[in-house]
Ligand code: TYD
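Below you will find one chain, with nothing else, as structure tokens; this is the form predicted on its own, and questions on how it binds or moves follow later.
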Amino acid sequence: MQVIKYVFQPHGDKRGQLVALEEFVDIPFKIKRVYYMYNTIEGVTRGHHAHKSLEQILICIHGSCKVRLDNGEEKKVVPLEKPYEGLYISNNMWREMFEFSPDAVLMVLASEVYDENDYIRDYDEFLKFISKDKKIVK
């Protein structure tokens, strides 16, 4: 499984830091939705789903968390600890976000608006869905 982490260019001086993100420049898709999570209760795991077509970039803009990625064959845990790093998550990828620091703010940039029909919320259904893509027609 290839994990793609983007390092965004921070701009700063004695006043502080700034990171600017532009679609198709810093982000590999058109941004249609932005949301963020904060005040996540200790021990809580978020996510537990995959998307059929949506792509995302996750940026822990404050604090830290970990993301477990699962493509049905491999699992990887990716730490997000820097506000200028983003984790690209393609479609057909199960994701779980966990071990949020008490001050964590996790921002998500999404390629599509919210559509419940794009979610796969059951892991067994996810495995069935991705196995369709892997069948070779002979």
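Start at 1 with the first residue shown and count on from there. Bear in mind that the values here come from a model prediction, so they are computed numbers and not experimental data.
Unshown form predicted together with the named molecule; subsequent notes refer to it.
Colleague: Look up in the model of the complex whether residue 97 has a non-hydrogen atom within 4.5 angstroms of the named molecule, and give yes or no.
Modeller: Within the cut-off, so yes.
Colleague: Any of the heavy atoms of residue 47 lying within 4.5 Å of the named molecule in the model of the complex?
Modeller: Residue 47: yes, in contact with the named molecule in the model of the complex.
Colleague: Tell me, yes or no, whether residue 128 is in contact with the named molecule in the model of the complex, where a contact means a heavy atom of each within 4.5 Å.
Modeller: Contact check for residue 128: no, nothing within 4.5 Å of the named molecule in the model of the complex.
Colleague: Does residue 35 make contact with the named molecule in the model of the complex, using a 4.5 Å heavy atom cut-off?
Modeller: It does: once the named molecule is placed as it appears in the model of the complex, residue 35 has a heavy atom within 4.5 Å of it.
Colleague: Quick one: which of 47 to 55, 75 to 83, 62 to 70, 24 to 32 gets within 4.5 Å of the named molecule in the model of the complex, going by heavy atoms?
Modeller: This holds for exactly one stretch, 47 to 55.
Colleague: Sequence order please: the residues of 54 to 78 with a heavy atom within 4.5 Å of the named molecule in the model of the complex.
Modeller: Contacts from 54 to 78: none.
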